[in-house]
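Before any questions on how it binds or moves, here is one chain, the form predicted alone, in structure tokens.
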């Protein structure tokens, strides 16, 4: 066994070292060849398509494996596990230790951090936002790629190869970068080899399978052989090529699937090659593969929306996709429905049916609000904005034309607590922020608010610098061959996606604690400065003691106006906090080479994780408790009903950021006996400017019972933030945060 330990990691490392001084595209192609097909997982029982992944402890990805592992990555914890084995020979141990030492310096994340200025290192002392206090943290990753799957399934591998060869010849004649295209051709060879690998495996499995399974496997082998040499001709072939590309390229979002698969579906149905039941079975298998991939916050499939060339065929696929989501009881893919006034009403009817059964999907995106918002936020023409796609937890980019990795996070509530204490973090006692005075030194509320804003602005500057540095390192060290061949403009420009090839290179900054910050500022303004019922010293003492002995002060803070109740005082503060951080971040693009730099208010479970390191706050929240999720009210603080809550949500301008989470928790009765009221409610919300809705349908009693007897409630799905999860698999404090959200 010992001679096989870390074999894939060794082969990958040797390939990288052999080509360490070569053109990034040539090095990357060699590494991809070493990575695949070894990183491909086996065909499993029931699979109708081939394509599973089993990542090694060393590899290459345009996304992320682990919190700081992206690009050329290594997973130190996996190395340490292997090095603890007692059966390692001295030679194996020495080689693995040498690999660990090599990759600890050569991995992409380390190269990004090595470029930081001393000031950036001081502001961002840690990488681990989940387990340490701090106001800002970098996220070392690329994520949210949306390649042109339509081009892939239209041209197929041979057509794409021909286009690249032609571009290579033109580049070589004009003195351009011929090696980039040579790398792309080699990457296509890896993809073709992966097709053959799976075709061979399918035939081997067919030899020992039962009659029906053998038939399925032989069809799979035929499809894999066909897409090696021809463009897809059928629905099944198009799915197989798209899926295997996404696995080998390690792309985790799947684009406007109704656009690029709708015509294939319609042709097969109308031509009698497939029945509706057979087509659904194929899609169910694809959905299961996506679920088993377990990307957690990714796995986006987009259906509906403006800007689709053949809506009739796309709608046929969209309805089938929603039925697959209804019948495949998994938390991925994250099916997302873009809708608009005048759309085929059958799509929204089907969406509400599926959501009402507790699936949490499809997520609803209002094109009539989002397209103008994207136009303004990204400064794009309408025809480009129509191609917006949400990825991950809800960030927007332009389909196969832009990139917008969230490469940093900021905890706004932490910024406020540090500002009130002259730059000191109360959870550690260390000075971490600007020294602008403590709460008692601010004579007016406006002085406090200006100090808070200065604290935020100071930090945002560094986060924008970090984003640009990350792209610079990636552009210098990686060609991202699979992305570059299917992103608009890269082949035409003869440049890799992050080396000048992409049309719109953007970045995003995740913000947390927005609502708690606004509610805290409202309480301070009202109780400390206007009514003078609490002195600055009393407030800080109450916060530092986590309200022990100061329960009367906490009661007053909790009673202060709260966002989510259509209260002008509270909501105007939420708007002020929202507009300040959004404009501050958006203005950073003037200081960088980025086309856009925008806030995303997507709040996955990080509102809970970062809450663990945030002190008690002036909104009445206790220390180490979850912060509010996304743009939503703090759990239980929206006390005036669903209409008031929705009225508060729409006051936050969607045209100055790149996506926000709007989580809603409804009872099943709204979808059964009160469907008309539900539809009227949602229509009013969307007509008033609601951009998006992520809906969980559940009974409170079921959630409470699931915490007591989790084995009986595996079927309950909830929206956490920008992703869904089985409720029973969440950490207890995340469960409690979800339980605290008002159920309508």
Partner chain sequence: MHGMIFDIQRASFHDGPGIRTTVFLKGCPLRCQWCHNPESWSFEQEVFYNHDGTTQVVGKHYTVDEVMAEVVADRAYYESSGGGVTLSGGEPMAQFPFSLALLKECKAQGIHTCMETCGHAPTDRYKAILPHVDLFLFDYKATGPDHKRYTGVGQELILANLEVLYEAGAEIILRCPLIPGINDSQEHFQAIAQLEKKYPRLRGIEIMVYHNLGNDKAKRLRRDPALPGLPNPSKETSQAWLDALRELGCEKVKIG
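Numbering follows the first chain given and starts at 1. Quick caveat: nothing in here was measured; it's all calculated off a predicted structure.
Below: the form predicted in complex with its partner chain, not depicted.
Listed residue (560, 112, 646, 616) with a non-hydrogen atom within 4.5 angstroms of its partner chain in the model of the complex: Checked against the cut-off, the match is 646.
Candidate from 382, 117, 674, 170 lying within 4.5 Å of its partner chain in the model of the complex - any heavy atom: Exactly one listed residue reaches within 4.5 Å, namely 674.
Are any of the heavy atoms in residue 714 no more than 4.5 Å from a heavy atom of its partner chain in the model of the complex? No.
is_contact(residue 707, its partner chain) in the model of the complex, heavy atom dist at most 4.5 Å: Output for residue 707 is no: heavy atoms all beyond 4.5 Å of its partner chain.
Taking 4.5 angstroms as the cut-off for heavy atoms, does residue 566 touch its partner chain in the model of the complex? Residue 566 belongs to the contact set for its partner chain.
Quick one: is residue 549 in contact with its partner chain in the model of the complex, heavy atoms, 4.5 Å cut-off? Output for residue 549 is no: heavy atoms all beyond 4.5 Å of its partner chain.
Partner-proximal stretch of 692 to 700, 45 to 53, 22 to 30, 679 to 687 relative to its partner chain in the model of the complex, 4.5 angstroms, heavy atom: Looking at the partner contacts, the answer comes out as 679 to 687.
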